[in-house]
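First come two forms of one protein chain, each written alone as structure tokens, so that there is a structure 1 and a structure 2.
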Structure 1
Amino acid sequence: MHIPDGFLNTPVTLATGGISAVALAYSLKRVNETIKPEQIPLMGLMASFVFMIQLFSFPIGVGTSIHLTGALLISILLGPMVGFLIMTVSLLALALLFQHGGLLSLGANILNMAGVGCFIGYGIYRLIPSQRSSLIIAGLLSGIASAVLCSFELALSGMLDLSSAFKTMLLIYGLTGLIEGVITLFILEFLRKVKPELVEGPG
């Protein structure tokens, strides 16, 4: 879920924007140092893929659909630094081309989705040895982390009070995160069957 413009106040906008800008600069620096030439088109195509995934309504039954972020998947495939960079690129494009999320609230959205998914989610995934449970736990916990962040951002902006914001966001992000974990698991299973060398890649 992308926060549109108009819901965050000046301090929150500046703080989230600042943190995201620093994180982006750091990931760019790290990636620039380690990147191999053949990874450049790959990153572009994966950004395209993540962009498409985020626009794609995933039907989960009873007439509802959710949008995945792809952060966990891309971090597992290409590592969290490249993952964060790609997520940021796609979030910027989503704001500019599809108005999913605002331009000034981009910083907050980068933190809530790219930051949480690529660093917290991926970190948890690496901590737990069993892949099946690790993905589901990573999905769920990063959902909760996003909910915490998002409700603080909204509460500090005076939009909602913290407890009701957290309850609402937990419901939305928690469910999305859980499903993201499950679907990421399915995708990795598919890759293992069809193109196993991808899953054994970096990370």
Structure 2
Amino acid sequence: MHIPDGFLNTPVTLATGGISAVALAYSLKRVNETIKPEQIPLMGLMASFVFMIQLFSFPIGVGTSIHLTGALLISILLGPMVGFLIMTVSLLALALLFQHGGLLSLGANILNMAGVGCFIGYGIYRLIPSQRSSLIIAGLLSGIASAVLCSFELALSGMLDLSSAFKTMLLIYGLTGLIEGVITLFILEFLRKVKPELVEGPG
């Protein structure tokens, strides 16, 4: 859901940018305190993976687009703080290199994708005992949470009629989140067979 520049008004841009900046500063501090050298190669690999899958996005006609994010997967493998940093770097690179989202709206895009996927999605995953169910539910609910945030940001900026588009946004992002949860489940099941220590790591 890469929101371009010009779709958010100044108050929404400042608010989302401020929240994302605080989350980024906190994540950097925690990662600097806890990062292990053996995690660094996996961080690079996951950053490349996230960057690639986010290149494939599809516009949905309301000033934004949909795609898989990889946020839930990298948060499980490396922890939500590292996941948030990787997602932030990926979103910045996509905005600079491919105009996938604007620079002024970068704070909103970080909040909607990195914040929701890495913190809310991961939190839901950890709360539910059954791993298979937790992945699917985490993907679904994080997709819905992203839809709610994105819809309200666009509505507050006067770019979206919330009453007419909200249900559509929930359906689209909820389905996208559900698909991401299922794909994450398959990837983790595969890794558990070939490289179980990755799945039992910091996440």
Partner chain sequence: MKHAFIDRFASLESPIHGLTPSLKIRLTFLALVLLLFGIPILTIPHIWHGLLLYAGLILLAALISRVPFPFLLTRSALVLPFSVLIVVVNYFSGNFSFPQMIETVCKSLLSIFTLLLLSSTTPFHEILKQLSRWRAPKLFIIILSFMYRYFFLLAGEIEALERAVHMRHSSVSGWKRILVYTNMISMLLVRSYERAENVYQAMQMRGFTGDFR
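Numbers given to residues start at 1 and step along the sequence of structure 1. Keep in mind it's a predicted model, so treat the numbers as computed, not measured. Each form is matched to the other, and the largest set of C-alpha atoms that superpose within 1.5 Å is called the rigid core.
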Point to revise | Structure that is the form predicted on its own (1 or 2) | key: 2
Review point. Using the core for the fit, does the CA position of Leu42 change by 2 Å or more between structures 1 and 2?
Key: yes
Review point. Ser134: with the rigid core matched between structures 1 and 2, does its Cα shift 2 Å or more?
Key: no
Review point. Hey, does Val148 budge by 2 Å or more at the Cα between structures 1 and 2 once the core is superposed?
Key: no
